[in-house]
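What follows is one chain in structure tokens, specifically the form predicted alone.
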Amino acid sequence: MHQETNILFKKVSSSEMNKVRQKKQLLSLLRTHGSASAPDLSKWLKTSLPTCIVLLNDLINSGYVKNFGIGESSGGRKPNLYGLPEDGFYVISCDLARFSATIVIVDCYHKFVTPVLEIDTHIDDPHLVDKMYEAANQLITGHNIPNEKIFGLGVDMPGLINSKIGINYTIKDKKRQNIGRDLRQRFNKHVYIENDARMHAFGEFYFGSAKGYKDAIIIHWSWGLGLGIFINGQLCSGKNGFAGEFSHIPIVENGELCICGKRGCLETIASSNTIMRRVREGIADKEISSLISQFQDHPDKVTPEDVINSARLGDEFCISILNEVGTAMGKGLSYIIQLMNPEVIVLSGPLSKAKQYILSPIQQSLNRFCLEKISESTQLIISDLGDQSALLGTSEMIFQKVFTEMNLL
């Protein structure tokens, strides 16, 4: 494979390779700006206007660019505007949570062009790749999307992930850990694998509450505490792609056993797992609570959302649980704030929907554990993007990769 690639590049002149590079830059510029004139594009590309027009015409002939017609002018001749055709580029975005996955097809303008389909699967499902392929094929055929116009697949999932090589080291079966390779073989597309927390963060940074900030911390708060870090506008993944394991900071000496095998991790006192454990304890202790009364005979049906809804109705037991979780989260955040000094911390995910029931105890913890001069400059925001942040973030990431790696020879 590498020999064939080297032979291919030897046959292509340096001027032709430079032309390919410029075309890719044009596609990226048009996706970023939506539409633009040739003079603007030539300025951003740092090339002459005639060269830019030649490149645009080549891309139009290939079906990658569309002439949108005459645009507005502040004076002088009105320019032609160029952009990407709405039906020209698609990617498949998949968000793999702990107990299920969602998948959707997205166009180059960040629009979901199919319904979001739910898949019953998990990272240790031996049929994961087949299920994703079948779901994607259902969306493709069901909505008449030409397969050749789908340029890539982006998947975010829980675990320790090296996105450069597409390996998820958290998958128990070592033969299946190279999930990127398996998906490339099945889909025959560009494939990008990333940690779910970082893709939630990517979505928030580009489309949600962290947009416009350079130094941001985004936390997806659910069964785990996924952390995404942006420093000077760049997503920080660390040397091997493992940065942001906020869940497994040790907080409690000899505390509860965590799923990672260690005791006392932040996840054991500040996650959905904590809430469900406290509910089970409340049922065993016959706590006075409308939630306990409602689920006494079927405790396995309780969800964290039920606890939040009961708190909103004034259930003191549920309010106290959220207070405990918020206090623990605040202590964890105090470490992050004093280490990173971020402009903003965005809380997303199911537990962030508890809003005032967790914000007040978080702030009390920050007042207790943080130096005021550091914490006072950090904004704490609840996300309003909802559950689609990871799908949007993953689609944005795979589009960035596609326009860098696509073959225009």
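A residue's number is simply how far along the shown sequence it sits, counting from 1. If you're wondering where the values come from, they're calculated on a predicted model, not measured in any experiment. For clarity, a rigid core is taken as the largest C-alpha set superposing within 1.5 Å between two forms.
Although not depicted, the form predicted in complex with a further copy of the same chain is the subject of the following passage.
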property	result
Close approach of Lys189 to a further copy of the same chain in the model of the complex, 4.5 Å, heavy atom	no
Distance check, Cys236 to a further copy of the same chain in the model of the complex, heavy atom within 4.5 Å	yes
Touches a further copy of the same chain in the model of the complex: Ser377 (any heavy atom, 4.5 Å)	yes
Partner proximity in the model of the complex: Glu245 to a further copy of the same chain, non-hydrogen atom cutoff 4.5 Å	yes
Non-hydrogen atom within 4.5 angstroms of a further copy of the same chain in the model of the complex for each of Asn240, Lys262 and Gln338	yes
Selected contact from Ile231, Ile165, Ile283, Leu117, since only one has a non-hydrogen atom within 4.5 angstroms of a further copy of the same chain in the model of the complex	Ile231
Answer range among 125-133, 203-211, 109-117, 222-230 for contact with a further copy of the same chain, defined in the model of the complex as heavy atoms within 4.5 Å	222-230
Residues in 360-377 close to a further copy of the same chain in the model of the complex, defined by a heavy atom within 4.5 Å, in order	Asn367, Arg368, Phe369, Cys370, Leu371, Lys373, Ile374, Ser377
Displaced residue check between the shown form and the other one: Ser48, CA, 2 Å or over, core reference	yes
